[in-house]
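Just one chain is shown here, as structure tokens, and it is the form predicted alone.
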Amino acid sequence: MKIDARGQTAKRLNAAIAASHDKVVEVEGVVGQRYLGTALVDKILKIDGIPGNALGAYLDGAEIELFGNAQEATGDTMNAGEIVIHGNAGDATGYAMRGGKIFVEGDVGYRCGIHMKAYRDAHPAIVIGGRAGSFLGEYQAGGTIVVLGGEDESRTVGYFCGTGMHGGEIWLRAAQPPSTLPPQVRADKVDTLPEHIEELIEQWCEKFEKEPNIYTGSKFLRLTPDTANPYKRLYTAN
């Protein structure tokens, strides 16, 4: 099924997507409609254009593929499923996501993965092909973030990566830690990637037709929280 989004509200578009009996729904001409694919469970949604904020919010098992750039809060609080972005994504990508995967071909804005968490068998993951803005993984409580850095590995992330991080892991394709890495975050150099990270990178490469060896053969840093109470020195007097 194909839907022309021109002149339609997000509410009407989501209703049409949900009502479709087809497994694959294609939406063309999207310009700024927010909340597309909210809580979608069992469809494959292909979008051409630039959707508004909160694409795939509360996603619960569906697959969304966007041919264009995404705005803020893509995958907000998503539970399961997959979002693939053939372009860049804005601030707070993966905000509080609890499961599923987000693959971004290009860059992401500030606060990607903020409040990301994991529970039991739900281990969310975000793979970024380009660069991440400041405050990557802020207050991260679980899950995995991988930043490949594009062609310039020296500028993988912006400032204050991992601020308030108290769970999960961040993998940076870089030889040296970010200059503003908080003292509550530990950076370990890794020469050989574990299987679950190689798999995520290979999945990203398959979606965007890239060569895995370019990335998996690089040096990486694994960032993890280095204290049980990362907030103490940030917000209270000692």
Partner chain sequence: MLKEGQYRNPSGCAVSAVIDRSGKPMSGRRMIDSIAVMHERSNGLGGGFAGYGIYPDHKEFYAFHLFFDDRAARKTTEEYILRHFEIAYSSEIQTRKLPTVTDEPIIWRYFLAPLPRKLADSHLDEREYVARCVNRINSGIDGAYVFSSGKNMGVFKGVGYPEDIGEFYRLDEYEGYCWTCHGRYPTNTPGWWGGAHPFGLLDFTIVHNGEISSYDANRRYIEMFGYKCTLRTDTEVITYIMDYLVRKRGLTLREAAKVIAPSFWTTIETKSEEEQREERFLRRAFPSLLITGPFSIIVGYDGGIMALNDRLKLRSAVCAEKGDLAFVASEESAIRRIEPDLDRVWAPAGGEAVVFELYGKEAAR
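Numbering follows the first chain given and starts at 1. What you are looking at is a predicted structure, and each value in this text was computed from that prediction instead of being measured.
The same protein also has a form predicted in complex with the partner chain, omitted here; what follows describes it.
- Of the candidate stretches 196 to 204, 28 to 36, 169 to 177, 209 to 217, only 28 to 36 has residues whose heavy atoms lie within 4.5 Å of the partner chain in the predicted bound form.
- Using a 4.5 angstroms limit between non-hydrogen atoms, residue 50 touches the partner chain in the predicted bound form.
- Taking the partner from elsewhere, residue 111 is found to have a heavy atom lying within 4.5 Å of the partner chain in the predicted bound form.
- Remark: residue 82 does not count among the residues lining the partner chain in the predicted bound form, judged by a heavy atom distance of 4.5 Å or less.
- Although the partner is absent from this view, residue 103 stays clear of the partner chain in the predicted bound form, with no non-hydrogen atom inside 4.5 angstroms.
- In the predicted bound form, just one residue of 87 to 108 lies within 4.5 Å of the partner chain by at least one heavy atom: 91.
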